[in-house]
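One chain comes next, on its own, written as structure tokens: the form predicted alone.
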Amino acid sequence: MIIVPGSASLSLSKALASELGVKLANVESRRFPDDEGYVRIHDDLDGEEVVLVQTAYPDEKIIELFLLQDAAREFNVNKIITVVPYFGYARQDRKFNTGEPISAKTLAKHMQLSSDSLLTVDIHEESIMDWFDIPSKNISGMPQIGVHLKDIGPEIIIGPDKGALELAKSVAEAMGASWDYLEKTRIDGENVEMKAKNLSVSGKKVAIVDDIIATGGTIVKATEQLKSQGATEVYAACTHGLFAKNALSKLQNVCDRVISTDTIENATSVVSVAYEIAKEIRKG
């Protein structure tokens, strides 16, 4: 087995290679003067089981993923396992207007063309996995977030809405904490209040967890509300830290700590999902 790293997932690829005790391939990735991409795998992959790791974000990394898959297929490989830590376009999983594509379905269709199986992490919409005709599995980074948070010590794990309750539960169970979700109540035309549905946060350290933090607006509002209700510290944790439109600095202004995994590599990526990916790969 050999790990082929995409340029969007170098740190995760190194961690995965270490976790599995296998070689990390030497991959060249650069841009031509006209900004077209170029990749080259310098190692001989003949006879290898290839694990190709590349986050599908932003768009240029999606093209790089397809080029790497094709480059690996040029060798006489035994098998290609494509690992897509963050599946871009997963929130575009349906068509709302005539003439629109179902973007997530389009990506799934192309990702599987040069792959024998595929893994992704905390995909935003689980039903997307049904669009793959090859063996595919969505795994969760939440248990490893729970392991990390256990050392920090929040007493309550909160989902920002009811839809994130299972994520909060997964983190809480990994660290032996309580969990809850926020319920939004509209006060008037301009103001809303977010409160933990069943648990009091007064005098407690609290962590808000979600799969993706994009603009961060909901987390900022939730943090402010939780602190107004007596939470002593509020941490924000997610699998995929997109942090669009200066979101990270906004979060850091109100949160006591911001944590993400290495599915999208950034300054807050203090949790690795390599262990969870390796565990699934070992299953064969």
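Fair warning: this is a prediction, and the values are worked out from it, not measured in the lab. Numbers follow the displayed sequence, beginning with 1.
Separately, the form predicted together with ribose-5-phosphate (R5P) exists; it is not shown, and the next lines address it.
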Which of 60 to 68, 46 to 54, 252 to 260, 213 to 221 lines the interface with ribose-5-phosphate (R5P) in the predicted bound form (heavy atom within 4.5 Å): 213 to 221
Partner proximity in the predicted bound form: Lys195 to ribose-5-phosphate (R5P), non-hydrogen atom cutoff 4.5 Å: no
Residue contact check: Arg91 to ribose-5-phosphate (R5P) in the predicted bound form, 4.5 Å heavy atom: yes
4.5 Å heavy atom contact, His124 to ribose-5-phosphate (R5P) in the predicted bound form: yes
